[in-house]
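There is one chain below, alone, in structure tokens, taken in the form predicted on its own.
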Amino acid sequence: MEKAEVYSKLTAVFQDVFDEDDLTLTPHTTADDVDGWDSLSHIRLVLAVSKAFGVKFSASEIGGLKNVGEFADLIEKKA
């Protein structure tokens, strides 16, 4: 899966989870940059991404992510 395809699909998932149609992602986007990205929405986000891409993540993989770029890299590696 190409990086552009990952970001396109990932952006759609973020927009759905956070109910924000104009949300755009960059590799440097963090939870501090997105309104409503708290611990509960983080769990919903991970589940939605897992379902959308057909991949599973371990707690250690998710816990080690610092930004959307690292999340996209992990998805690209697993997809």
Partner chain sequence: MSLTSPLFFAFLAAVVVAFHISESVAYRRFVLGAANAIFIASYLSDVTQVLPLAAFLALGYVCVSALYLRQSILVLAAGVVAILCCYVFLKRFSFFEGLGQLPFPYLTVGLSYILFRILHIMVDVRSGDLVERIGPLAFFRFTCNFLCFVSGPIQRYQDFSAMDGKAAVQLDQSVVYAAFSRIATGYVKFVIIAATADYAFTFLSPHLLQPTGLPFLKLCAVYATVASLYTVYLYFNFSGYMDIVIGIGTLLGQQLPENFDKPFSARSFLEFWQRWHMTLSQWFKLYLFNPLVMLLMTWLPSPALTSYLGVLAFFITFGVMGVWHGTTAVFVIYGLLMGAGASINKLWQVACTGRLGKKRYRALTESTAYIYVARGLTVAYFVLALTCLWVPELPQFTHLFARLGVAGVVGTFIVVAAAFSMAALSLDFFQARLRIPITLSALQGGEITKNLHLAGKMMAIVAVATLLHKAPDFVYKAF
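This one's a predicted model, so the numbers in the text were calculated from it and none came from an experiment. Residue numbers count along the first chain shown, from 1.
Form predicted in complex with its partner chain: not shown, discussed below.
- In the predicted bound form, its partner chain sits beyond 4.5 Å of every heavy atom of T24.
- Using a 4.5 angstroms threshold between heavy atoms, E61 counts as touching its partner chain in the predicted bound form.
- At least one heavy atom of L47 is located within 4.5 Å of its partner chain in the predicted bound form.
- In the predicted bound form, at least one heavy atom of I43 sits within 4.5 Å of its partner chain.
- Residues F18, E20 of 12 to 29 are found to place at least one heavy atom within 4.5 Å of its partner chain in the predicted bound form.
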